[in-house]
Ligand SMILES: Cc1cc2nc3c(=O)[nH]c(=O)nc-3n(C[C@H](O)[C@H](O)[C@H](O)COP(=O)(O)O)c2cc1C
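Before any questions on binding or motion, here is one chain by itself as structure tokens, the form predicted alone.
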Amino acid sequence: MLTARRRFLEFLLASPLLKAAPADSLADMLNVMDFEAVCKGKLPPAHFGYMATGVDDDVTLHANSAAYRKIHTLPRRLVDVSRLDTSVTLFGTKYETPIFLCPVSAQKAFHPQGEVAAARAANVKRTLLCLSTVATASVEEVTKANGKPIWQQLYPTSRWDYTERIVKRAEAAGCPVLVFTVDRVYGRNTETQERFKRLDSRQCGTCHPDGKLTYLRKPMFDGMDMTGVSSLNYTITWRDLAKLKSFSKMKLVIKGISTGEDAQRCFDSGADGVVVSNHGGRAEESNRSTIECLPDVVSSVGGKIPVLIDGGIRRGTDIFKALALGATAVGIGRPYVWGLGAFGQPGVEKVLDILRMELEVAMRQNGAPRLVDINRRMVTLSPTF
């Protein structure tokens, strides 16, 4: 009897009826994770590895997503949710959803149109986009494609005069907000990226000869002699925020904050907002997710400045949970790059559509017709959170 039952189960598992159809078209994409496999299949291993890597054992990378499963929603019934308002206002500008596209570098490594395609998708979906300092399209080009001002992310170089030139160029292009990233100024150990590179048979020397031509391919460094200049600045401290603020009239948001103490120091130093981030698990191996850091940061600033968050967002329910724990807006990085690498601009648009749809379902299920209705009482934390 046991043998017959085992054979029957083996037959069922081998049946084509139980096998998922290959997801290779935009219409096949049911959730944002579906884009990853398609993207991986289209990219050279080294390019995919650059995006996929965390640091050390990738524990923090995986913790970012896993922690959301330790947060449970508390559905509310018989609330009128016939009309939803998913809009959010950041520094005077209104966006249709609280989802924003995080700064991701070198997007032409994932699609020929790179950041321009992502900007066009953000324009169609009326979504905030933040451009990386080491983007492969210029801030002027991306702003034009987006049709409205974008935010500019900043890596401070080892030369302050070059950093000032980057800031002033972004301001001249119309950027209202400078997002100063502070979790990548110390270096990192990206083992997963190195393992993917070993699977790549291409000759990459013309693009990456010991990093010498890296800056030449990044428009934000046009006209700068980068000989001996590094994007890592080990000497920067809290005192330097005042210097940075003196370069422009842009709002200053500090990205890479994970403790309430540092968030308070950001506010005390004149920052206009913070982003709870560990660089998508690509900065330090703290083994702690950004969503676990969020309540401490929110409590510390007490509503005085907006608190944004990124890292591990894969579902609309994740967005809902982050908002319930006090986030003002929620950023995505890898998901939209998966969409970009898989299908270009339409892929980015579809990723945003899926997440918005899932967020709207979560809002209805939990009795929150507006973002301002989402609050801490709508979620409960697992004892292991």
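Note that residue numbering begins at 1 and tracks the sequence as displayed. Values in this document were obtained by computation on a predicted structure and should not be read as measured data.
This next part talks about the form predicted in complex with this ligand, which is not shown.
Q: Is G341 close enough to this ligand in the predicted complex to count, meaning some heavy atom within 4.5 Å?
A: No, G341 sits far enough from this ligand in the predicted complex that none of its heavy atoms falls within 4.5 Å.
Q: Would A263 count as touching this ligand in the predicted complex under a 4.5 Å heavy atom rule?
A: Judged by the heavy-atom cut-off of 4.5 Å, A263 is well away from this ligand in the predicted complex.
Q: Even though this ligand is not shown here, does Q153 get within 4.5 Å of it in the predicted complex, heavy atoms only?
A: Residue-level check for Q153: yes, a contact with this ligand.
Q: Residue-level contact is defined here as any heavy atom of the residue lying within 4.5 Å of this ligand in the predicted complex; does Y68 satisfy this criterion?
A: Answer no; every heavy atom of Y68 is more than 4.5 Å from this ligand in the predicted complex.
Q: Residues in which of 295 to 303, 104 to 112, 85 to 93, 165 to 173 have heavy atoms within 4.5 Å of this ligand in the predicted complex?
A: Among the listed stretches, the partner-contacting one is 104 to 112.
Q: Could you spot which one of M51, C39, L323, L359 gets a heavy atom to within 4.5 Å of this ligand in the predicted complex?
A: When this ligand is considered in the predicted complex, the option within 4.5 Å is M51.
Q: So which residues in 118 to 140, when you check this ligand in the predicted complex, have a heavy atom no farther than 4.5 Å from it?
A: Contacts from 118 to 140: S132, V134.
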